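What follows is a single chain, given as structure tokens, in the form predicted on its own.
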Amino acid sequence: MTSPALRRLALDDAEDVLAGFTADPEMERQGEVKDLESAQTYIRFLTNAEEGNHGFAVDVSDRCAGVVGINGATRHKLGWFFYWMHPDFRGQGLTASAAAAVANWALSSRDSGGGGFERLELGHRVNNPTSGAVAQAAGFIHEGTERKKFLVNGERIDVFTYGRLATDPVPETSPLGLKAP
């Protein structure tokens, strides 16, 4: 088995993306992926750099085990940050290492090959502390609570919000390496 690494998400990852969505019913909150065609649409959206979007695959033995992405608002140098991991690969620290690597890249200047963002934001349900641990490991700082933001199974759920600025310290989490495109 090769060491896990990050690489740009590609249309060839559609089967693995579909597998990630079908393996966990909670994934419906990440998007509308029900078949290969919708998985490809999801990937096209996440890889549309003209819109400021960036999608990265967590590559484990040439398989997309998870995704870390940024939906950008390039005018404001701001990005909505998210991550997910197929259940078979959870609990290994991969999500935290991948999120740290992508956030570090995103908040680096374009002159140095980075994403040129100045601020990243993310949110997670308060009843998902694992996601909060990933956010903190990737250097995000808890900024507040959005009360009753999400409707989940008929119940309103609070959301913890986090931000990371280009001027914030780089986290100590060991980032995954980024494979050349």
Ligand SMILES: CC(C)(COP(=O)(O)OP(=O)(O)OC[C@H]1O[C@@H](n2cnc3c(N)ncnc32)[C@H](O)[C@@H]1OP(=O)(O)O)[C@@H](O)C(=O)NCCC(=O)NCCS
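Nothing here was measured: the structure is a model prediction, and the numbers come from that model. Note that residue numbering begins at 1 and tracks the sequence as displayed.
A second form of this protein, the form predicted in complex with the named molecule, is not displayed here; the remarks below concern that form.
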- Taking the partner as it appears in the model of the complex, which of 32-40, 45-53, 120-128, 138-146 has residues with heavy atoms within 4.5 Å of the named molecule? 120-128
- Message: Can you tell me if Trp84 lies within 4.5 angstroms of the named molecule in the model of the complex, counting non-hydrogen atoms only?
- Response: yes
- Message: At 4.5 Å between heavy atoms, is Ala133 in contact with the named molecule in the model of the complex?
- Response: yes
- Query: Is there a heavy atom of Lys77 lying 4.5 Å or less from a heavy atom of the named molecule in the model of the complex?
  - Reply: no
- Item | Gln92, heavy atom within 4.5 angstroms of the named molecule in the model of the complex | yes
- in the model of the complex, does each residue in the set Asp24, Met27 and Ala96 place a non-hydrogen atom within 4.5 angstroms of the named molecule? yes
